[in-house]
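To begin, one chain is listed below as structure tokens, in the form predicted alone.
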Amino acid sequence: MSSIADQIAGSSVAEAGARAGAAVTSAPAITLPAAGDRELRLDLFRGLALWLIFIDHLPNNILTWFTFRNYGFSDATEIFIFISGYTAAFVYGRAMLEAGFVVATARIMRRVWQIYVAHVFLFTIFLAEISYVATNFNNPLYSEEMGIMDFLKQPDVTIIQALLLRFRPVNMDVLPLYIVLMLFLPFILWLMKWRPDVTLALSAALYALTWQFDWYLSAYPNGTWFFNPFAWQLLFAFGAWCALGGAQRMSRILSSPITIGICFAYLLFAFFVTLTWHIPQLSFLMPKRLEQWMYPISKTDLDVLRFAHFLALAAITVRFLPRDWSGLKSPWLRPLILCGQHSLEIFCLGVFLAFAGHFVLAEISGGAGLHFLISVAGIVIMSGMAWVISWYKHSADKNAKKKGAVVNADMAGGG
């Protein structure tokens, strides 16, 4: 027989267990890595994406044959958007857990404002650059090629539309997409805080509905956004899901030889398909039914073939490039990592340099040597700017710590 004391103790243990179970039930479903060193792989590949975007924006550039958009369905844009979603969730997801929805939303909106100001500043500089070149060299084709003819005809209306993100010259489509995706990040993180898998499923459902009902955002003066946010949100949300524990839960699947084999097979298939684009003599190898099913492979709506191609590349990268890879500390990769760590500034600089390179290539007839020189010069300038920004921030942080130490010493002495 049990005593009354044993019964009371037993009930206390049961109540404690129930409270612990309730705490586990109400705990957020997401997991965040412990704060520590930066994930240099993300910086590395975001920097690589910025370099590739710059090279791809140069018209008729021979070096574009060294970018992987010619050897598969996806390109650098997928890398940039995925890593943006990953890093945003990693940074602001912790704020969502520790400080709550309101504080995290305020911090995200502050970042959105920074990106928006950068976009407006880039828009202004870009228009001035194109207008100056078109006027001084008596070549209105620059205005037409860069898509600013409507601005020259109706500058007042066009500026308002640009502020509303509806008017964008050529090569300025990524930042508006990034702004819209970041605007919805608080709701994505709030949902993922409790049901990350359900949130990703809802994102996939929105993607499917976009294709089914042709949802899009209109652009000025006509047409639609080059990057449809209703479709590209899937890649952004997938990056956030991976950052908040999804990648860890998929680790067994990603390490499976079967998964890696499927990824390599798909990449090889995509390579042979793109090969038929560049070598028309090989087009007979493509079955007509397969062509009818595949084409067009839409970049605007993030075709599922593009998404799958990126997933295959990402899976292989994670499998064969570990986080502690010693090459990440190599000075040869330092320029890429620095560019990735200051992606907003370097992206804006890259757009400016791309048109400058376009102008040089159009005005000076040159061969592969000139193309190589312009591409390398642009990359060197981007890397140099990234180093200057990093040096400045490091110096500012160092001075702030010194001032804080002096203030603490004065307060201790005054006490």
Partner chain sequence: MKSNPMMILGLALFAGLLAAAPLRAEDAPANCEVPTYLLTSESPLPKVETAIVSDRRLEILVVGSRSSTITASEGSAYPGRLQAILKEALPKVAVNVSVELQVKKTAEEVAGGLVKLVEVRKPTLVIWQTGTYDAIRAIDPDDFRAGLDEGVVGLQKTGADVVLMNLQYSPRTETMISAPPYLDNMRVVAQEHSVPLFDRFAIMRHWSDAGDFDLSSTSHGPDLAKRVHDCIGRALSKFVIDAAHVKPAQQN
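Take the two forms, find the largest set of C-alpha atoms that superpose within 1.5 Å, and that set is the rigid core. Positions refer to the first chain, counted from 1. This is a predicted model, so every value here is computed, not measured.
If you look for the form predicted in complex with its partner chain, you will not find it shown, but the lines that follow are about it.
Contact annotation for Phe284: at least one heavy atom lies within 4.5 Å of its partner chain in the model of the complex. Taking the partner from elsewhere, Met146 is found to have a heavy atom lying within 4.5 Å of its partner chain in the model of the complex. Its partner chain in the model of the complex is not approached by Tyr116, whose heavy atoms all lie more than 4.5 angstroms from it. Contact between Asp303 and its partner chain in the model of the complex is not found at the 4.5 Å heavy atom cutoff. Contact with its partner chain in the model of the complex, defined as a heavy atom within 4.5 Å, is made by all three of Gly223, Tyr295 and Phe355. Shown alone, this chain has one stretch from 276-284, 184-192, 247-255, 92-100 that lies within 4.5 Å of its partner chain in the model of the complex by heavy atoms: 276-284.
The partner is absent here; in the model of the complex, the one residue of Phe126, Tyr207, Tyr178, Phe80 having a heavy atom within 4.5 Å of its partner chain is Phe126. Comment: its partner chain is not present in this chain, but in the model of the complex one of Phe121, Trp325, Tyr132, Phe271 has a heavy atom within 4.5 Å of it, namely Tyr132. Positional change of Pro221 between this form and the one not shown stays under 2 Å at the C-alpha, relative to the superposed core. Core-superposed comparison between this form and the one not shown: the C-alpha position of Leu141 differs by no less than 2 Å.
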